[in-house]
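Before any questions on how it binds or moves, here is one chain, the form predicted alone, in structure tokens.
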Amino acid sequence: MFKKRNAIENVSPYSRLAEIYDHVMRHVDYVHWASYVESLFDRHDASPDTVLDLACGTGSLAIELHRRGYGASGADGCLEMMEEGCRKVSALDYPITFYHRNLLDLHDLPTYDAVLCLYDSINYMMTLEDMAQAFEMIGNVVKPGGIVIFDACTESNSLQHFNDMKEKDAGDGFSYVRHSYFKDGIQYNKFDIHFEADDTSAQEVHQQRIYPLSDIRSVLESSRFEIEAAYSGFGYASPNELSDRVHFVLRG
């Protein structure tokens, strides 16, 4: 007789994905990303001692920055992701502090020489007003004259890589199906996850708004920051709408 699987529970983004996030994102080269960030520090004459990684996930980049000698901290709006990060740094015995804060509320945080917001996290701001508020918050946690680096994904990225993309995978004690699609300027990532230990299933739907670069620049020009540069991908060429990813460098 077949056993009936429990119903799928709809949960908030990353609340259950946190448990398997490092497996799902194992293709991400955080060492390379940290090296690129350091190259931007050098290119823009920044020598930060302290770095805050916003929307830091499970802390993989903060861990790599700590290994390179920076006083690294992380902040993320998802408590479950923070808990995974805390477990990782505790096992490594690294003095990395995590804060449970989202981009729209960075109250009571110390200030840092450099602030990062990477892996298209800014695209989770679903309106330009939210994006403007996020940069207002970021301005409160970067020291005067400090550097801010963030990236954004483009419509070209969504159309090339995530337009009706389907993926199935499994790991130790779990399996998942991911369906990514792009519609009306929004990138959707739907995860259906099954956990074997307690035979539970969860569905998360993530949404990111993909903005024209001109809209992002407009928000930045009205912010307290100076735009020092924007780079296509992980290089140093000027970006355009065909760039997959654009890194912005701001000065506080």
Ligand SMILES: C[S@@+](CC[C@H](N)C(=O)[O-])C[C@H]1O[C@@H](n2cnc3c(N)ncnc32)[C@H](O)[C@@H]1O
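Start at 1 and count along the sequence shown; that's the residue number. Everything quoted here is computed from the prediction, not taken from an experiment.
Heads up, the form predicted together with the named molecule isn't pictured, but that's what we're talking about next.
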* Asked: So which of 112 to 120, 136 to 144, 154 to 162, 167 to 175 is the stretch with heavy atoms within 4.5 Å of the named molecule in the predicted bound form?
  -> 112 to 120
* Check all three, L52, R68 and Y94, heavy atom within 4.5 Å of the named molecule in the predicted bound form -> no
* Asked: So which of A72, M131, M81, V148 reaches within 4.5 angstroms of the named molecule in the predicted bound form, heavy atom to heavy atom?
  -> M81
* Asked: Wondering, does C56 line up within 4.5 Å of the named molecule in the predicted bound form on heavy atoms?
  -> yes
* To do: Check whether F195 has any heavy atom within 4.5 Å of a heavy atom of the named molecule in the predicted bound form, and answer yes or no.
  => no
* Asked: Heavy atom to heavy atom, is N102 within 4.5 Å of the named molecule in the predicted bound form?
  -> yes
* **Any non-hydrogen atom of V89 within 4.5 angstroms of the named molecule in the predicted bound form** => no
